[in-house]
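Coming up is one lone chain in structure tokens, specifically the form predicted on its own.
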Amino acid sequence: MMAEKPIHEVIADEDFARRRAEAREKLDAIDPARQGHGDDRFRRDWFHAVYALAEGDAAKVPWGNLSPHPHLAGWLANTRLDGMRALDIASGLGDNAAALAGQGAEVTGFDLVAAAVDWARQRFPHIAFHTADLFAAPPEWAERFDFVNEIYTLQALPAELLPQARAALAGFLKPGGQLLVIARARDEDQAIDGPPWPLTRADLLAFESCGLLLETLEDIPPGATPNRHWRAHFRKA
């Protein structure tokens, strides 16, 4: 009898899209925001539920695409990170962290959900993945990193948590360190019904209050992804 494939060998097949759509329906039914629960505890429980219901199938994890985010891959195509200590925020299945490592960085990744961390470790054992909370990160991570990669965490947070999240991201950086933020984009007057809550230009410019200087801000139309995105690059003063 053929042995069961380990998680790190699971690939996207022709049935991937169907399994993802079915899982999405189940997850929407327990989504705390859709149920009117704004409490952070419900949000955390939902992320744990995502991985419990996935049962080792990446198709059932909404962000488990088994490849780095296209806008990260595009940015890294012209960027080396040799010798840099990099931190990948909310690493999920680990593909973005692996892309950073592929460009020469010494990468640390973390996720709120231990099951996600175990999954990422199986797929990329050469990367240091940890179970951690953005809002209660290990104190030794303060000003430790040359580069921080943030994709889709900010847009998953309600507006009242964004100032705290921006301060946490900036706090990981050494002086002169770099932050890359990739998120769905919206106009200032555009109504939203999240999650996710796409970010405005003002949401990104607010990083300046945390001591970060904006280097580039790209407004990327749909194409490589179905939605409009920001790709913002900051440097700590």
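One rule holds for the numbers: they count along the sequence shown, beginning at 1. The structure displayed is predicted, hence computed values, not measured ones.
What comes next is about the form predicted together with a small molecule, which does not appear here.
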### Query
Only one of 145 to 153, 74 to 82, 121 to 129, 98 to 106 gets a heavy atom within 4.5 Å of the small molecule in the model of the complex; which is it?
145 to 153
### Task
Heavy atom within 4.5 Å of the small molecule in the model of the complex: which of Tyr51, Phe207, Phe172, Trp197 fits that? Just give me the one.
Tyr51
### Message
I'd like to check something about Ile89: if you look in the model of the complex, is any of its heavy atoms closer than or equal to 4.5 Å to a heavy atom of the small molecule?
### Response
yes
### Message
Does any part of Arg201 reach within 4.5 Å of the small molecule in the model of the complex? Heavy atoms only, please.
### Response
no
### Message
Residue-level contact is defined here as any heavy atom of the residue lying within 4.5 Å of the small molecule in the model of the complex; does Lys26 satisfy this criterion?
### Response
no
#### Entry: Contact test in the model of the complex: Ala167 vs the small molecule, heavy atoms, 4.5 Å
no
